[in-house]
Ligand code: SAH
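Next up is one chain by itself, shown in structure tokens, the form predicted on its own.
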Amino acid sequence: MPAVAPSFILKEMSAVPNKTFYLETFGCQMNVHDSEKVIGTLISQGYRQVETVQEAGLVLYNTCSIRDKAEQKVFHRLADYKALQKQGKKFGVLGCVAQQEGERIFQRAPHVSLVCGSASYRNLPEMLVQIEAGKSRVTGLDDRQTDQTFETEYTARSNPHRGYITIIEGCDKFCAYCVVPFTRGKERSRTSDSVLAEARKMADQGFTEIQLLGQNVNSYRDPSGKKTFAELLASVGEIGGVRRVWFTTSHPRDFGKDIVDAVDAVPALCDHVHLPVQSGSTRVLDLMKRLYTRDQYLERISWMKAARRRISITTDIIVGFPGETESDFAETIDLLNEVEYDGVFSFKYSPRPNTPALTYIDSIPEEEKVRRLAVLNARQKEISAALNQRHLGETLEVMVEGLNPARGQWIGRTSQHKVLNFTTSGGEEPRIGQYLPVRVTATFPNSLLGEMTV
């Protein structure tokens, strides 16, 4: 049996009556890929995935606790389905909220039977046996010191063309606002040999896009000492059949020029880097415990600006962090103007459990946080619109992701991670997963519009 099998193959393997499960995922790409591995693990244990809660015997929520809103959504969902416990359904909470809240989840949602943190997924088969035996409360909660990664030969990949590979789990950075180091454990990397073996098998199965994942993907340290992150990146990009390689999320402290050199040297490496800055003020970066200054961050930006390929740069920014003055916020806006990001994911600060920032005085009123967020988003919209206009008239290669029938447009994505919707002029219809040349005919702040040229 292959080490990594598409979901449609895995689903055919399971036909055990009454062992059905429903899994809903909240959060980032790491959670999405964790769910693919969880699904594969359950199917290997004789379970069958179903599409609705009502059909399932086991209902699972893979959770995110980065922001309070995501966490509350999980508990609201659990409350909505509490009555279904009378039908014999079992409920489980997986992921970051499970690790953060632990057995307190049983108090808050007594109908939950399974609580399993992301660092304990490898123990799911044994935990399922306990659930099947009638045990009402089963927990899997590793501490931060675990050295284990979640490698499994059963991965139910949801997309037959683009696949994820987690190369490093956990986080050792301890940013003042972030709960991830407490919920996903310490940084622990897979060997480069195991990553490359998985990538080759994916290529053999027809995957053309591979995304390397980690909370801080470029903090990767090969346990075998064979490859740096940049060398691993290049090696994945040189595998036959792989057309595009993405990586996310990078931490500025560990972002080296060798990564930019690899992107320049290996055509399959996408010309896009997501490099979260969080603030343009060195003073606020210090309060956030981000481990770099504004000038150090800008040095990394300069490496990308000097690359032979035009690298698309996106980032994350938090506004309203405790202690952020109007002057600090102005420095963030100034950073937008200096870097000219292609896109920004922006958030208002919200306190998270166990984080150092809980001891800070959050004196910035909510309405001021809202205002700053609106100002930032408005300025970034102008920048994104201006940058996208540069593509007008260019012919870009897209990977076809789907069809929007309401607009009669196909949905594509460029190697710079830009959405390029396009129309065809008749002839053979595009296929999802196909790579096509598209000429850009119109631009918008968040997307491009074009016509297929073949």
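Everything quoted here is computed from the prediction, not taken from an experiment. Don't overthink the numbering: it's just position in the shown sequence, from 1.
What comes next is about the form predicted in complex with ligand SAH, which is not displayed.
- Contact annotation: ligand SAH lies within 4.5 Å of heavy atoms from the stretch 270 to 278 in the predicted complex, the single such stretch among 193 to 201, 270 to 278, 294 to 302, 84 to 92.
- Distance criterion of 4.5 Å from any heavy atom to ligand SAH in the predicted complex singles out Arg352 from the list Arg77, Arg243, Arg162, Arg352.
- With the partner removed from view, the residue among His417, Arg67, His391, His33 that has a non-hydrogen atom within 4.5 Å of ligand SAH in the predicted complex turns out to be Arg67.
- The putative spot formed by Cys178, Asp316 and Phe347 is fully lined by ligand SAH in the predicted complex; each residue has a non-hydrogen atom within 4.5 angstroms of it.
- Mapping the unseen interface onto this chain, His251 counts among the residues with a heavy atom inside 4.5 Å of ligand SAH in the predicted complex.
- In the predicted complex, ligand SAH sits within 4.5 Å of a heavy atom belonging to Arg290.
- Interface residue remark: Gln215 is counted as part of the site for ligand SAH in the predicted complex, having a heavy atom within 4.5 Å.
- Applying a 4.5 Å heavy atom cutoff to ligand SAH in the predicted complex picks out no residue from 84 to 122.
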